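As a starting point, one isolated chain is supplied in structure tokens, in the form predicted alone.
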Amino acid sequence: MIEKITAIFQQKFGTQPAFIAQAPGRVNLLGEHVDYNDGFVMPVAIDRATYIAFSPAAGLETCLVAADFDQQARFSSDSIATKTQTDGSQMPEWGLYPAGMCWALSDAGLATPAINAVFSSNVPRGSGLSSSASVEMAFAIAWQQVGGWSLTPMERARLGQRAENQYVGVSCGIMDQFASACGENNRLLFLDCRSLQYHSLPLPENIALVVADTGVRRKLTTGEYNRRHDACTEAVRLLQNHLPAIQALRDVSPEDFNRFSADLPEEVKKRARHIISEVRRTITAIPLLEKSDMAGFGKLMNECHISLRDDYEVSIDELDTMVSIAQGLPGCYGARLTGAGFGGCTINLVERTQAEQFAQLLRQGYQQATGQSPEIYICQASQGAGML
């Protein structure tokens, strides 16, 4: 991939790129949809990433080439505000992520000199592996390199979240950008999404992370994601009549929810029940992971999928089929959808010695059930965004 973007850069700009940056995608083991509810999440950065070949540009115009689309976009500090290119045309959708990152950095008072850049990614788009966050974090590294300033990984993650919230228009939490920025080799991350304090936990050596792509793509900006965000906000507003001290669903215990949930509209109740039970599952998982109780951890993953399917209603038939097949295969401790849902991938916790056979059997089972041949990746927990 680095050879590809370097060759395209040479062809497009007539020189070798000065720098290469990368930022990984992520997969989340537990804590789904709780990051925008101030909850706790357990993601890992994976060994699939966005790569950028770039150099400072001579003028005031940034030129980006999206190798995966065979398209380019040009913008300046003036055109970013209107989400347009320098010729007045609309910014392509893929361009909103690097442009949004430039906007957020500039708005924070950081220098974002014009660059020439070619980028490509092997994080599948729309798959639930945070391709957008990996693009944002890779460009944050690029502008940090040419801008002469330095931020911590968490500071870059927060600005990436702001770009996605306020520029792209997706009401996401901090988890995706955090995992891409702060990932560690062979370790799981545990993040408190309110305090932003985090630490890493070792992944047992005998465990493989197997990601299975249903092939169904989703777009978060179509509104379903934001509607669930709004339902959580409404649940907090109504529950504050009984629990005035709460700030987010993270603050509501399952016991208090059971006492007061009758006051919630049915849909809002279901959304809140997922969040509150998922916060409890994520906390419960820590001691299980510390003592390498993968059967117990996997059981929580299975429960998470049921909750996402029935209460948060973000699963689809293909995800349910993939999970059901996986849970019946040898070596599988737990399986569930990962990411926002509505399509994309499942994450499977598998005994490492059986991972190859698991992937083969899962591929065969899904193809027999759906007629589709899925992409399946045996992944490793990897380092976060940085220069190469």
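As the structure is a prediction and not an experimental result, all values here were calculated from the model. Numbering starts at 1 and follows the sequence shown.
Form predicted together with alpha-D-galactopyranose (GLA): not shown, discussed below.
The listed set 51, 333, 36, 358 contains one residue whose heavy atoms approach alpha-D-galactopyranose (GLA) in the predicted complex to within 4.5 Å, identified as 36. Checked against alpha-D-galactopyranose (GLA) in the predicted complex, the residues 362, 340, 67, 64 give one hit for a heavy atom within 4.5 Å, which is 340.
For residue 212, no non-hydrogen atom is located within 4.5 Å of alpha-D-galactopyranose (GLA) in the predicted complex, even though that partner is not displayed.
Taking the partner from the other structure, alpha-D-galactopyranose (GLA) in the predicted complex has no heavy atom within 4.5 Å of any heavy atom of residue 95. Although the partner is absent here, residue 173 sits close enough that one of its heavy atoms falls within 4.5 Å of alpha-D-galactopyranose (GLA) in the predicted complex. Heavy atoms of residue 225 reach within 4.5 Å of alpha-D-galactopyranose (GLA) in the predicted complex, making it an interface residue. Annotated contact segment (heavy atom within 4.5 Å of alpha-D-galactopyranose (GLA) in the predicted complex): 28-36, selected among 348-356, 28-36, 54-62, 325-333.
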